[in-house]
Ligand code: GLU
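In C-alpha cells, one chain follows: the form predicted on its own.
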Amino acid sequence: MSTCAPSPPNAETPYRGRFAPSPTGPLHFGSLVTALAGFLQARSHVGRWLLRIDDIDPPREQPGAADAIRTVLARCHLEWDEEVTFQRHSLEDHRAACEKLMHAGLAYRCTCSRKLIGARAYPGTCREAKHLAQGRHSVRVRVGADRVSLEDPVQGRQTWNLEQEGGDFVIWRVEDLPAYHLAAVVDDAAAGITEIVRGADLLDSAPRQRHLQTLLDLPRPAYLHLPVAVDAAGQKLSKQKLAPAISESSAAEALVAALNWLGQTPPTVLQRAPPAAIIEWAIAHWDPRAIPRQRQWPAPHLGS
C-alpha cells in the first residue's frame, strides 16, 4: 500500500498555499469558500498564499473572467502574496513532464475515445500498442494495483485502488493540452506549494496526483478537502450552472456567510462590518477543526 500522509510545513519548510480557479466565469459562493479557507490556512501558518489562474481549457474560458476573479478577491481583502501566475505559461514544463514519463515507459499514447471506454475503468487497450506520434491521440500514465491512502484533516482517511477506480488515466489530452492532474502537480511543485485546500469534489483527484508526484519525484503537499457547497437540489454550485456571482455590494455578506458555512461562528456585529474587519477577525479566530466533516453542505441564500 502507498500511504499518502500529509506533510504539514515545519520550520525548515515555510507554508505555501494557493488558490487556482479556472477563468470560466465569475467567482461564486463555493469558490469564495475555497479561497477564504485557503487564505486563512496560510495566514494561520504565517505563510504565503498564491493565486494561479488555471487557464488550460480554452473552449470553456470566458473573456474577462480572470480579471473579474481578481477583482472579487481584492474586494474581499483576500490578498495574494506574489505575482499572479497563469497555467498556460507553463505548457512547456507540462510537456517535458509528460515526455519524461513516456521515455521511462511509465506513460503511452492512447487512441481510445471516451465513447469506446464508457463508464468502466480503462482496460489498458493501448498499453502495449506503441502508437506513433502522428495522428489523434492522448497520453495515459500507467497505474498499478497498490492501494493509495490519504489522511485528510476534514474528510478523514481515504483509500483508493487506481487500477480498479478508473485505471490508467489521461495526462495529455487529444487537443494537445495537458490534463488537469499533470498540470496541477507540475505547477504546484514549481511554486513550492506545501498544502492544497480545495473542495471535496476533487478528493478523488488526490491519489492520481500523488501517483504522478511519486513517478516524477516531486514534493508531496498536504491536502485539505472542504465540503462542496450545493444548491437546494443538492447540485454543486458552479459557473456552468450560473451560480450567483459575488458582487461588490454582497462581498461583506458573502464573507460572513462563508465563515459561518465553514463553522467559524463570527459575531453578529460583523454582519455590518466592512470586508477588511471581517478578514481581520477571521485571521485571529480561524479554526479548521470546526469545518463540517462532510462531502457536501448546503450553501446559504444570500440577499437579493
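The first residue of the shown sequence is 1; numbering continues from there. These numbers were taken from a predicted model, which means no experiment stands behind them.
Just so you know, the form predicted together with the named molecule exists too; it's not on screen, but the next bit is about it.
This chain is displayed alone, yet in the predicted bound form one of R198, R142, R75, R109 has a heavy atom within 4.5 Å of the named molecule; that residue is R198.
Interface residue among F169, Y180, W80, W160, judged by heavy atoms within 4.5 Å of the named molecule in the predicted bound form: Y180. At the 4.5 Å threshold, heavy atoms of P21 reach the named molecule in the predicted bound form. At the 4.5 Å threshold, heavy atoms of D54 reach the named molecule in the predicted bound form. Among residues of the shown chain, L202 is one whose heavy atoms approach the named molecule to within 4.5 Å in the predicted bound form.
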